[in-house]
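Heads up, the chain below is alone and in the form predicted on its own; it's given as structure tokens.
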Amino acid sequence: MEYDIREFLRSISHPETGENLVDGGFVESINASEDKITVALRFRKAKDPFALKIKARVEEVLRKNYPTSTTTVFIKEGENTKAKRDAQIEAMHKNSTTTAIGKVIAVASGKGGVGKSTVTSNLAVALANMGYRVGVLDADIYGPSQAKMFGVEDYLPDAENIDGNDYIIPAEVGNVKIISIAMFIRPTDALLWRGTMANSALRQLIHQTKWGELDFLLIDLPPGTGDIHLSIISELSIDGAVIVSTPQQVAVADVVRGVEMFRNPNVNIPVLGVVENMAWFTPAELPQNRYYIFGKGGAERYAEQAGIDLLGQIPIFQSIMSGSDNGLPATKTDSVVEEYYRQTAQKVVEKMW
């Protein structure tokens, strides 16, 4: 929803500068839910003569496109620090640690609860088992879980100063480097963050983590589509996206929105394919039986209709669930699980080159 709002605001320009509100830095924040939209506008000078006109235009556009939502637009006046902020960002990009990363893969889902983070961690381990150098960036700012899944919840990152710049040392588990916002905050804090704060933190994690040379960097995105996704897309050259879903029709319906976000001409990131998670359940004592608890093949059918690949179908395994809880991805300990993820990882690798 925030993505769409931002696109609507790009259609509005400041009469004096000619810049649209988004790229010109006039949109300070956007907070949106199903029934309420709040936009904060900041102008570069006090008493901007066009402020009220622009505010009215923003309200008009939002109410037209979201007639059932309550729309509130705030004006903030005073010094605009966009130029200073842009200079800081440019310096960060210049000294970015991402230059030695081979391929960047975004792992996304249309909705929460489909096992996106579990797929990310196990896919990372599978790639590492195949001999690749792998990193994981936990960008799920509102529900970071990679630190828990890799058993590094208590890891406190050190900083290393190189040529006057501080770089963050990621955790490393079994040849997988992990960095997560959860390593810097208390578990309850992430939910209180606003878009600008989250974007700034993620920018630092992307460019100031000492990644070293990596073959793959997997980014665990928040569920859905929104401002965080756009920020990461603007910060990194992403080579492909993996979409995670369950077989349920409601989950697959949300996958459509995720796929279309990456296919949007303004984003234009190749969708490598879909991973159908929790595809079926097979009891250990009945290895030939498959029970389709969440429906059968919904993501597979959608992939075929959308013309994208089905990268893998991951069954429900007790070891996957317990591994996530205990900080040990099942791909490390369960050969059957490892085989499923290795097949999926192999398809991802084939799509990259």
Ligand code: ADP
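Start at 1 and count along the sequence shown; that's the residue number. Worth saying up front: this structure is predicted, and the values here are computed from it rather than measured.
Absent from the display: the form predicted in complex with the ligand. The rest refers to it.
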item	value
Residue (of 102, 157, 151, 112) lying close to the ligand in the predicted complex, criterion heavy atoms within 4.5 Å	112
Candidate from 61, 310, 316, 40 lying within 4.5 Å of the ligand in the predicted complex - any heavy atom	316
Which of 68-76, 274-282, 157-165, 259-267 sits within 4.5 Å of the ligand in the predicted complex, heavy atom basis	274-282
Partner contact for residue 299 in the predicted complex: the ligand, 4.5 angstroms, heavy atom	no
In the predicted complex, residue 321 touching the ligand (heavy atom, 4.5 Å)	yes
Contact label in the predicted complex: residue 231 to the ligand, heavy atom within 4.5 Å	no
Any non-hydrogen atom of residue 180 within 4.5 angstroms of the ligand in the predicted complex	no
